[in-house]
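Just the one chain here, laid out as structure tokens, in the form predicted alone.
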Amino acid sequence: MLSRTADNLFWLSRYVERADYLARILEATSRLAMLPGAGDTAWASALITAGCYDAFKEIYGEPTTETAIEFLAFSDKNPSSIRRCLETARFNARAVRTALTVEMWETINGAWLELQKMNAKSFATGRSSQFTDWVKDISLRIDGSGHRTMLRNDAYWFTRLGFYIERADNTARILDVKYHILLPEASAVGGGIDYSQWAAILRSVNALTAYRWVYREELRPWLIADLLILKPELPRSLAACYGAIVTNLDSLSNAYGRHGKAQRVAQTIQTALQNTTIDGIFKIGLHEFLTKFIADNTKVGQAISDQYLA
């Protein structure tokens, strides 16, 4: 496969997953913003989680509900807005149509055409849940059609790598922002606001029901961190993402007959996750652990790019 084709497939998947993640952030933040006194703090945390707070402040200053929604969902000035993510995903898909199945292309192209009819005003006038549900449905259809219709070859493996590199980054960021930033200083840990925030975070990664099945307890920060970091049974956990990353990188190395830096770095992270405990993570500091993980995950993405996509 040409490196350019592999690059398009990798980033196509990353941008689809990023759009899905932003929709989940918008959905969770819309709930959090309804808590007493939580509006501006909640939207600031959403922008920090998305990694675009500084860019937002240069344009708008302090966040409000309307400006944060517009920037995260529809703004052309934000290269990671949902609109720009789906636009870039569609651009990458068009460049490699022959590497995609008909179902994948029609879903991506149809989503882009439908998105042209939407804007921030329609989001802000009571239909926000319809929009975020639509984005999540598009991501699910693209992911599902790829999983069900693509040959298990290098095209499939590069799309899987894109999904899981992006998903690992997103899960780590949302957990870090909640633990380190979101709870106001005046709010007691374990209080009503704290509980609502944790519940919204779990809903944003489809893990609230999973938490109750696994732990059968009230929401506790260390158990939530355990679920989102170390439980391979949860599809969005860091452990699950790295299990999938290593598997797909191994498939590439077997197909190409070469085991390189990308495999070594990913396996090191997977082994570290397998050998740690939540007590060990909290001894290091959850924020410090997640900051290092995000940096290491970025190194894996760069190693994949250097090894296969350059």
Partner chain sequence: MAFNEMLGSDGGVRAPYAGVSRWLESVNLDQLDRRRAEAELFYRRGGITFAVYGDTQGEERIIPFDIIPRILAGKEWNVLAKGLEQRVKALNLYLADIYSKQESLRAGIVPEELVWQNPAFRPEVTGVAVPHGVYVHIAGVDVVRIDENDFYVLEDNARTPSGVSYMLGGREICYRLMADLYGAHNIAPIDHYPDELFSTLCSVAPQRAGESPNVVILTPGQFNSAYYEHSFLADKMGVELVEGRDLFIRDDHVYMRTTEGPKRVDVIYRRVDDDFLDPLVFRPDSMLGVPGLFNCYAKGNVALANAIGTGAADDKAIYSHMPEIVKFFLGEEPILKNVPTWCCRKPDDLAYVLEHLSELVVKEVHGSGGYGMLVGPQADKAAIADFKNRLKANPANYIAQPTLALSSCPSFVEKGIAPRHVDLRPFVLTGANGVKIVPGGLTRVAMREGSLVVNSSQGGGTKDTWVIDL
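Just so it is clear, the structure is predicted and the values come from calculations on it, not from any experiment. Numbering follows the first chain given and starts at 1.
Same protein, other form: the form predicted together with the partner chain, not shown, and the subject of what follows.
S.K.: Assess the spot marked by Gly285, Ile294 and Asn297: is the partner chain within 4.5 Å of a heavy atom from every one of these residues in the predicted bound form?
M.R.: No: none of Gly285, Ile294 and Asn297 comes within 4.5 Å of the partner chain in the predicted bound form.
S.K.: Given that the partner chain is left out here, which of Asn109, Asn206, Asn153, Ser129 has a heavy atom within 4.5 Å of it in the predicted bound form?
M.R.: Only one option qualifies, and that one is Asn109.
S.K.: Which residue, Arg94, Arg220, His147, Lys121, has a heavy atom that falls within 4.5 Å of the partner chain in the predicted bound form?
M.R.: After the contact test, the surviving option is Arg94.
S.K.: Can you tell me which of 129 to 137, 221 to 229, 84 to 92, 159 to 167 lies within 4.5 Å of the partner chain in the predicted bound form, counting heavy atoms only?
M.R.: Result for this chain: 84 to 92.
S.K.: Although the partner isn't part of this model, could you tell me whether Ala303 comes within 4.5 Å of the partner chain in the predicted bound form, counting any heavy atom of the residue?
M.R.: Flag for Ala303 set to no.
S.K.: Does Arg258 reach the partner chain in the predicted bound form, with heavy atoms at most 4.5 Å apart?
M.R.: Answer yes; at least one heavy atom of Arg258 falls within 4.5 Å of the partner chain in the predicted bound form.
S.K.: Please tell me whether any heavy atom belonging to Tyr211 falls inside 4.5 Å of a heavy atom of the partner chain, as the geometry stands in the predicted bound form.
M.R.: The answer is no: Tyr211 has no heavy atom within 4.5 Å of the partner chain.
S.K.: May I ask you to state whether Phe74 is within 4.5 Å of the partner chain in the predicted bound form, using heavy atom distances?
M.R.: Heavy-atom contact with the partner chain at 4.5 Å: absent for Phe74.
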